[in-house]
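In structure tokens, one chain follows: the form predicted on its own.
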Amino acid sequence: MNILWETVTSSFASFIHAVRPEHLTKTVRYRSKRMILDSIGVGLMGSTTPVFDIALQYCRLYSSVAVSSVYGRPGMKLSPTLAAFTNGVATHSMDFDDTWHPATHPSGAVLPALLAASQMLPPSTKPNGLDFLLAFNVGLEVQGRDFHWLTWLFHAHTCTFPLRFHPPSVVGTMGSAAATAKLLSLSMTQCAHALGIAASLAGAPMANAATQAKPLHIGNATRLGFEAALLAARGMEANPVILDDIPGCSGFSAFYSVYQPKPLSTPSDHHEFLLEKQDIAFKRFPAHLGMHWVVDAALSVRNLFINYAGSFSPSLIRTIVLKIPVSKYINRPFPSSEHQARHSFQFNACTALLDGEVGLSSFTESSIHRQELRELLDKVVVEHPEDNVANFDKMYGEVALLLHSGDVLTGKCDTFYGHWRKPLSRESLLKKFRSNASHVLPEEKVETIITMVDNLENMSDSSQLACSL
């Protein structure tokens, strides 16, 4: 009896090994290339942050075989897994990276590993652009399928905000292992072992949200998944049923209390990629995705207030009521650091009210500690309506201004611009990429990367993309 042909884990291993470029539809290619471009852009922008500098200094101590590029540091090379780690940290250092449903950050956990791996391989085995794009989508698919089981069961289609483990530290590690296993052309058995090894390297607590340690979750996910595939390629074995629900023996179920996995269909069974059905959310400013609802609601009511009063006059406001989902780690009344501010409904709503926008400069020390902002924060009251659930597909943001005159002005956002129901236009996505990338690269290189991603399927050597960074 060959257990690899009779288990959930084996179905994933079979999919990773057997899927081919022709299984990628036009929609999947289009959406995944948008993700790649955006992820590179936020990674380049993230290379300007203090947490990235700390990670880079650490990795430079241990890079004996330096062949892989680093975001925002032209000419600098690190060993492949440490380059993946450093670039993963950069991607999530400002919480500017993409978000999927169920809630995770899929690109940052996969792309840095693939970029580093593409440079590691000898010239005779360099993957072409289409192989690279396929491996990227394999990583997305494994993340999405792993997490869909858990969301459907544990949260009953209602709350999908994480409670214990930061999702990319779990499903992202598995996705990185799957993606690099595909790029490295591992056998089906090796793919199963790579998933098993990755499960032993996964997991990070939600308590480190809104700290400098949170970007390490993405950095570790992409690095450790990559290492899992490298170890499997060299013969390391792990539990071949790691994704199965085995009574009395916790595998992937160790991360979640309710777990009923389903096999992954093979490409020959007309498999439909999750990205075909579920588009991605791209952020317009660097903060937790939930902030985008309250910011758009705040901007809406701010316009009403200016029409009412002639200008934005905080002294006319008695109380600011935020109607938001229950979520402890993003309910922060008085954030004291940039990372806390990126995870604060109150801060982002009040910044939007005060400034008429939220952007990169909103999270500087001087902006966070402004007296006029603190005065607005003092006026905030939070409410949690029963119909406003912690689910990126169902939540809304509402901001009400209760004025001293007795009048009440209200702004509400059900779907912000950038959400998968209201995707960024190509023009908006390119504007974001150019803004981010131009902080560290000259205009010519920025435009070269855009062209490379647009024509990724036609590249004969995908490592050229990494070399351009």
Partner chain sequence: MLAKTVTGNFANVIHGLNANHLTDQVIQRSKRMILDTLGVGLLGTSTEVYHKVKQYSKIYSSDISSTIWGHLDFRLPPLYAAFVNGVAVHSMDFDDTWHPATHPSGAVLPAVIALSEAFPQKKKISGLDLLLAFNVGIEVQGRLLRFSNEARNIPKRFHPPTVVGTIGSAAACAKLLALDRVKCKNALAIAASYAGAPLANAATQTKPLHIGNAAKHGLEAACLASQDLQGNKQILDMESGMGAFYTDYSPQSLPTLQSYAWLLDQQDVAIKRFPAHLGTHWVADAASAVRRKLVESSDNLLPLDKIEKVIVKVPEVKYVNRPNPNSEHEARHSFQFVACSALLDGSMSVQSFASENIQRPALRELLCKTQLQHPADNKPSFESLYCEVTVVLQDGNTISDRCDTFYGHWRKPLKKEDLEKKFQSNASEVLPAEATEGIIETVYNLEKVKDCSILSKFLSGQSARALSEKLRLL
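Positions refer to the first chain, counted from 1. Everything numeric here is computed off the predicted structure, so don't read it as measured data.
The protein also exists as the form predicted in complex with its partner chain; that form is not presented, and the subsequent description refers to it.
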item	value
Position in contact with its partner chain when the complex is considered in the model of the complex, options Ile36, Cys413, Leu429, Val51, heavy atoms within 4.5 Å	Val51
Option touching its partner chain, based on a heavy atom within 4.5 Å in the model of the complex, out of Ala117, Leu289, Ala202, Met94	Ala202
Its partner chain in the model of the complex reached by all of Ser327, Val382 and Ala390, non-hydrogen atom within 4.5 Å	no
is_contact(Phe363, its partner chain) in the model of the complex, heavy atom dist at most 4.5 Å	no
Asn239, heavy atom within 4.5 angstroms of its partner chain in the model of the complex	yes
Interface membership of Lys182, its partner chain in the model of the complex, 4.5 Å heavy atom rule	no
Interface membership of Ser64, its partner chain in the model of the complex, 4.5 Å heavy atom rule	yes
Heavy atom contact within 4.5 Å of its partner chain in the model of the complex, the stretch among 131-139, 315-323, 74-82, 98-106	74-82
Its partner chain in the model of the complex - contacting residues of 215-233, heavy atom within 4.5 Å	Leu216, His217, Asn220, Arg223, Leu224, Glu227, Leu230, Leu231
